[in-house]
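Encoded as structure tokens, the following chain is the form predicted alone, with no partner shown.
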């Protein structure tokens, strides 16, 4: 089934409701779906659980959701940097919950959700505070920690181009978490620079097949 082609960013995120778990693509600003996040701000959804590599930067995108206290919990691998002041303020005030996940574990937990994997063992985090309360095992003489998949209600993703069947291509490192997030969410919402006709994208270049994409909105790109 072809994805819904939304008329605007606001239309694309209209189904996101209070209490949703939302995967948001991006490695810092690279690949972060800024327009979809802005639309999410406008739609009013709150008490969100957000999964992202970072915890927002400066005064744009995810940082504004945190500033307005719309995020009750964030699951990320890199919450603090020089311009993460909105997260710092919220966290120190006890107004946001943080689940810190090593970056490789974060990617694999999202991928596992999309692949239908119930759990997996990883050596990352073994013997540290991050392993507290989790099952551990010694396998072939090495310590491992049991990790579970991260499922979500929605994924907000930025891609370079989509066709009318929802097949996606990305721009270089802006790809980052996009492909695995599309598979791990019940509904993947994607902003693209342009939508082209089916067959216009070489099948060998498709990164995310359209079967994983539910909504596409064409927002243009930098000229």
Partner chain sequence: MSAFSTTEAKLTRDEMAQLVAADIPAGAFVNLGIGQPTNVSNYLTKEQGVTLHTENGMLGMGPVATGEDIDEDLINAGKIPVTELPGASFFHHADSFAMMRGGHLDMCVLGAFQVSKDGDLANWHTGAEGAIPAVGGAMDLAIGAKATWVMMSLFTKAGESKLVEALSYPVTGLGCVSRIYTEVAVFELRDSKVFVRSTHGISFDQLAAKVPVELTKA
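Every value quoted in this text rests on a predicted model; they were computed, and no experiment measured them. Residue numbers count along the first chain shown, from 1.
The discussion below concerns the form predicted in complex with the partner chain, not included here.
Check: Can we say 5, 44 and 154 each have a non-hydrogen atom within 4.5 Å of the partner chain in the model of the complex?
Finding: Checking in the model of the complex: none of 5, 44 and 154 is within 4.5 Å of the partner chain.
Next item on the list: Decide whether residue 116 counts as a contact residue for the partner chain in the model of the complex under a heavy atom distance cut-off of 4.5 Å.
Entry: Residue 116: yes, in contact with the partner chain in the model of the complex.
Notebook entry, point to check: Quick one: does residue 69 come within 4.5 Å of the partner chain in the model of the complex, counting heavy atoms only?
Noted result: No, residue 69 stays farther than 4.5 Å from the partner chain in the model of the complex.
Note to self: Whether residue 198 contacts the partner chain in the model of the complex should be assessed with a 4.5 Å heavy atom distance threshold; does it?
What the structure shows: Flag for residue 198 set to yes.
Item checked: 4.5 Å heavy atom contact, residue 174 and the partner chain in the model of the complex -> Although the partner chain is absent here, residue 174 would touch it in the model of the complex, with heavy atoms inside 4.5 Å.
Check: Can you name the residues of 81 to 116 that have a heavy atom within 4.5 Å of the partner chain in the model of the complex?
Finding: Residues within 4.5 Å: 81, 87, 88, 91, 92, 98, 100, 101, 102, 103, 104, 105, 107, 108, 111, 114, 115, 116.
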